[in-house]
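In structure tokens, one chain follows: the form predicted on its own.
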């Protein structure tokens, strides 16, 4: 589903060169849940943002569902319609209701009628357990509710892949569970997911593979049981010993 080959992404801060992603390669199979962990500044979010070209890579190749994102002929907006993204900051439109937020891209990008977009939107609000807030506005919602709306909005596009960039990091602790429950449900349904998170319990329970990143590099990949009980890389061992 996703083939990442030797990608690099560099940022310049004044005269300082920061290698956010440093020759990273990975392959995500259809239906896989891949969780990326690592310290702050390790390149996790930059790596994820490269997967739908929110960050343009300096070199390397990214192929999603057979389409080369780095080919100049590729319509990136068309690919982004197939790749749902959920951010830590929700990014809802404040002047639109919950249902309108979920309907908007359906009408513009998928060219669905208002009636169809509304029907799909309500089904998805039921799916994420927030249908009673359909007519509310974002400023009337809790953080957990906003994130569930953001997930419903991404799902409304019928994406082939869902990317989650620390979806619970901006939430109060008691709201984290309600968002993770929605993500677990998606995983059970076979959605291909790449998730950057600090929620180790979620990684243990749901992930097919866990990736450790540091200094822009993929240091270690493993299934959760092996990754958390017997990590091989010293940096992974040190990182896990601090947070578990």
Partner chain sequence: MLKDVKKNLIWYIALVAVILATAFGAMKMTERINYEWYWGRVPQYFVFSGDEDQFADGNGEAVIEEIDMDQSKVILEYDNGEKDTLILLQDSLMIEDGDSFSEGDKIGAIHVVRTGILIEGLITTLELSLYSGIIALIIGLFIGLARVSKNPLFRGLASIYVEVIRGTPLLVQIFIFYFFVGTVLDFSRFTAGTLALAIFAGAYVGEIIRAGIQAVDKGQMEAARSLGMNYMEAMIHIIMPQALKRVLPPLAGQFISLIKDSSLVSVIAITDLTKAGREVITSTFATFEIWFTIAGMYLVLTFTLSMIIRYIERRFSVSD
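Numbering follows the first chain given and starts at 1. Predicted model only: the values in this text are computed from it and were never measured.
What follows is about the form predicted together with the partner chain, which we do not show.
Although the partner is absent here, residue 94 is a contact residue: one of its heavy atoms lies within 4.5 angstroms of the partner chain in the model of the complex. Remark: residue 153 counts among the residues lining the partner chain in the model of the complex, judged by a heavy atom distance of 4.5 Å or less. Contact check for residue 209: no non-hydrogen atom falls within 4.5 Å of the partner chain in the model of the complex. Among heavy atoms of residue 52, some come within 4.5 Å of the partner chain in the model of the complex. Taking a 4.5 Å heavy atom cutoff to the partner chain in the model of the complex, the contact residue among 134, 170, 157, 141 is 157. Across the options 126-134, 72-80, 170-178, 112-120, residues that bring heavy atoms within 4.5 Å of the partner chain in the model of the complex belong to 72-80.
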